[in-house]
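First, one chain by itself: the form predicted on its own, in structure tokens.
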């Protein structure tokens, strides 16, 4: 079994929104970033994977097991950390361990207390008295203490300070070191993904825009800038999320389209007079790709 997670043609309809035939796979030993604007379908996808929503179509397999038919066995291998604390605030950290450990046959108390020590969490302290960052670390300590093979994170770095975010990313890198465990990491902070992710799955307006290697995703696009005189009708057809201002324009362009423009330029200019050499071309970040493609809903 090479994949920890397999999602095939996943679909779910709500009034005013539809998740349509989303498919992706996450191999063992890697981190995948799940990205998209608010309302794009990321959380719906995660809830369907966790069987928190009833799917309309498709299939989800975790370690080769169906997430519905084999739900009990699946959840022994699955750990989840959401963007807010889900433990009882009046429990102490020690009481939290007592409550959580009973659900998992492979609970490792020694590992849990090692993580508490590493994260600087006092077992006698009440959950509600921990800072947001410390609550996140407590959820991670629980998630890492029963040998789960798949960790799903839904906006875990939202609201964390840079030091806590850096520590989280370090912990995630350590988590997958054995090559047997993987992370599905939903976040709006794409800088974290540029550092940590191996794969990207991008959902926009309920549909799959891209799934594959992070480097492939970033290399597929460029930021293009030029003067208003360069903005011909032919060029406009190739641009994504066009922004104009008094002195020029900027937009996203697929790298393949840019190469086609360059080849056209060697034999003459495009209709209207624009050639690739007239344009300023820069690498695109994950954040810029999401912003420009979301602006127009371009697929």
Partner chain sequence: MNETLKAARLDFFLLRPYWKTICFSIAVPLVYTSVARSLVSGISFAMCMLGIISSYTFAVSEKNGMERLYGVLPVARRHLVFGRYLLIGLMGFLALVFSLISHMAVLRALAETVEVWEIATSAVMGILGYTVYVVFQVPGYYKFGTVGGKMFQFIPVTGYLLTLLLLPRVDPDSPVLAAVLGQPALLIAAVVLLCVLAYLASVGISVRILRNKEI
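Because the structure is predicted, anything quoted here is derived from the model rather than measured. Positions refer to the first chain, counted from 1.
This next part talks about the form predicted in complex with its partner chain, which is not shown.
Can you work out which of 236, 243, 263, 54 has a heavy atom no more than 4.5 Å from its partner chain in the model of the complex?
Contact check passes for 54.
Would you kindly say which of 258, 63, 231, 50 lies with a heavy atom within 4.5 Å of its partner chain in the model of the complex?
Going through each option in turn, the one that passes is 50.
Please run the contact check for residue 132 against its partner chain in the model of the complex: heavy atoms, 4.5 angstroms, yes or no?
Answer no; every heavy atom of residue 132 is more than 4.5 Å from its partner chain in the model of the complex.
Residue 122 versus its partner chain, in the model of the complex: is there a non-hydrogen atom within 4.5 Å?
So residue 122 does not count as contacting its partner chain.
Is the gap between residue 114 and its partner chain in the model of the complex 4.5 Å or less for some heavy atom pair?
Residue 114 lies outside the contact set for its partner chain.
Flag residue 100 as yes or no: does it have a non-hydrogen atom within 4.5 angstroms of any non-hydrogen atom of its partner chain in the model of the complex?
Yes, residue 100 sits close enough to its partner chain in the model of the complex that at least one of its heavy atoms falls within 4.5 Å.
Of these, 74-82, 191-199, 215-223, 170-178, which stretch puts a heavy atom within 4.5 angstroms of its partner chain in the model of the complex?
The contacting stretch is 74-82.
Out of 2-22, which residues reach within 4.5 Å of its partner chain in the model of the complex, heavy atoms considered?
If the 4.5 Å heavy-atom criterion is applied to its partner chain in the model of the complex, 2-22 yields 12, 14.
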